[in-house]
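Okay, here we've got a single chain as structure tokens, the form predicted on its own, with questions on binding and movement later.
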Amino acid sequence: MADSRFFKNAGPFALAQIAEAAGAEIVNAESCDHLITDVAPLEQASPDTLSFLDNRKYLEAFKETKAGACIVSPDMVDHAPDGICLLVTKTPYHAYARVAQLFYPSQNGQGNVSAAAHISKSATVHETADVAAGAVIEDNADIAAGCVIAANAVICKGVTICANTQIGPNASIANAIIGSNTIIHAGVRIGQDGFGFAMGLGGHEKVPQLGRVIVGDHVEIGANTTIDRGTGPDTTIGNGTKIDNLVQIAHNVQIGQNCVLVSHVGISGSTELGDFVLLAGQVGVAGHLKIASGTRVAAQSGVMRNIPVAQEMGGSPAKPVRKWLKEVATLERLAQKKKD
């Protein structure tokens, strides 16, 4: 169960309320009025808590759990221990995510502005926004309702932060428009110069970076990620995209909706990602490429060419994943044969 020093529990909730939030059907429940106080892992759950099973490798833990209720898929119903209430859905992990959000909702601003914050007289801060000690909000910045600006964050001149967005400690945002219900974690850097130079033997001339960063709604950006502003066109992050820690996004990059970028991904300038693209950890993408919607790229791959249709890619240079795995297997056989 979550540590109450750090996480505020909104429960308890009746099982019927939880089932509605989960979009699940109640099975084996003697009463829909049974109260659930918290969520917990299978091994730690108690009769007044709820757990979930999404991966069959935890089947034995499910059979032994003491949870009062559990979210499961239909094929797991017959494996349930006696006396447990089941919330049955084809997507248990998604359902659990919604239930966990019910118990631990995002905390929007309540109008708490620290006397130790530094807010320009020309900035607009909604009366319901929170601004913590040491935060800096510069001239003509606009902070909307319910936003949370954490300690020592810097919101540079002219930046717009839309409703219910959270800016983590020590983050800095410049030359940007940030959408609503977005989470920007600690140490994120948004809107700094892109790496743009006209290179030559006589020296490298800096190209002014005159674009912005536009971040959509319901985006999450992990700690210490950097997103450079555009050279002239904007750098854009589409609605619903989730970005892990330590990701680098260069100038003019266009990222579609609901993409997932795992840690250590690096995307070079002017590359375009369609919707629902997944780049696994440490993927590198060269500049000026186009990657089709729905493409999935395996960890540590190097994308050096356009990917015009959705497919799974792997290796460096990245290629269709079956071809890549076949080549790896062939190389292993050749190496073994030489060794023998």
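Position 1 is the first residue in the sequence shown; the rest follow in order. In this text, the rigid core denotes the largest set of C-alpha atoms whose superposition between the two forms falls within 1.5 Å. In this text the structure is predicted, and so the values were computed from the model without any measurement.
Omitted from view is the form predicted in complex with a further copy of the same chain, to which the following refers.
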Worksheet item: Of Ile183, Ala123, Ala144, Leu86, which residue is found within 4.5 angstroms of a further copy of the same chain in the predicted complex when only non-hydrogen atoms are counted?
Response: Ile183
Discussion item. By the heavy atom within 4.5 Å rule, which residue out of Val154, Cys162, Met76, Val113 makes contact with a further copy of the same chain in the predicted complex?
Written reply: Val154
Worksheet item: According to a 4.5 angstroms non-hydrogen atom cut-off, is Leu331 in contact with a further copy of the same chain in the predicted complex?
Response: yes
Discussion item. I'd like to check something about Glu138: if you look in the predicted complex, is any of its heavy atoms closer than or equal to 4.5 Å to a heavy atom of a further copy of the same chain?
Written reply: yes
Worksheet item: Taking the shortest heavy atom distance, is Gln44 within 4.5 Å of a further copy of the same chain in the predicted complex?
Response: yes
Discussion item. How about Ala80 - does it come within 4.5 Å of a further copy of the same chain in the predicted complex, if we only consider non-hydrogen atoms?
Written reply: no
Worksheet item: What are the residues of 87 to 102, in order along the chain, with a heavy atom within 4.5 Å of a further copy of the same chain in the predicted complex?
Response: Tyr93, His94, Tyr96, Ala97, Arg98, Ala100, Gln101
Worksheet item: Taking the rigid core as the frame, does Leu201 move its C-alpha by 2 Å or more between the shown form and the other one?
Response: yes
